[in-house]
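Listed next as structure tokens is one chain, alone, in the form predicted alone.
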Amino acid sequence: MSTPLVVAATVVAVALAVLGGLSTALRRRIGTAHLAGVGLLELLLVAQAVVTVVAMAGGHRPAELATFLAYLVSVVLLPVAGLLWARTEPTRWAGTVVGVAGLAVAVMLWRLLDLWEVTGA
């Protein structure tokens, strides 16, 4: 895993959470800024997943491989699931859904990094 990618994705995820909370507070639905934020976050997460898979193919194995892989797949899918859910929500709470997804991604990324740094050797 790349620590700079984790930091960049965390910054985008937290910004997305703030944007979602702000739109909820202002009683507005999600817009293009939310879509762009989720797109950027997803791009960073896919890049992180590719870097991680390449490192694993090179021989690095985290100690808890199944847990690590479950987190890795989940963290890539979570922003898309949150956005799809938010797009179907016709109320101002759509921003909250995107915000919660962003916060969950931020926490999961640091848990992934923690799992990655503990090797099974």
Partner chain sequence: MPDQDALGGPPPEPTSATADTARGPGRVLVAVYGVFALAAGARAAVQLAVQFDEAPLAYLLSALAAVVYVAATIGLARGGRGGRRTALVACAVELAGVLVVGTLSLADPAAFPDDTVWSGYGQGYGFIPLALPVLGLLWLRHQSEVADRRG
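Keep in mind the model is a prediction, meaning the values are calculated, not measured. Numbering follows the first chain given and starts at 1.
Just so it is clear, the following notes concern the form predicted together with its partner chain, a form of the same protein that is not shown.
- Shown here without its partner, the chain carries L19, L26 and T91, all of which come within 4.5 Å of its partner chain in the model of the complex through at least one heavy atom.
- Proximity of L112 to its partner chain in the model of the complex falls outside the 4.5 Å heavy atom cutoff.
- Residue contact with its partner chain in the model of the complex: A66 places a heavy atom within 4.5 Å of it.
- Its partner chain is not drawn, but in the model of the complex it has a heavy atom within 4.5 Å of I30.
- The closest heavy atom approach of L78 to its partner chain in the model of the complex falls within 4.5 Å.
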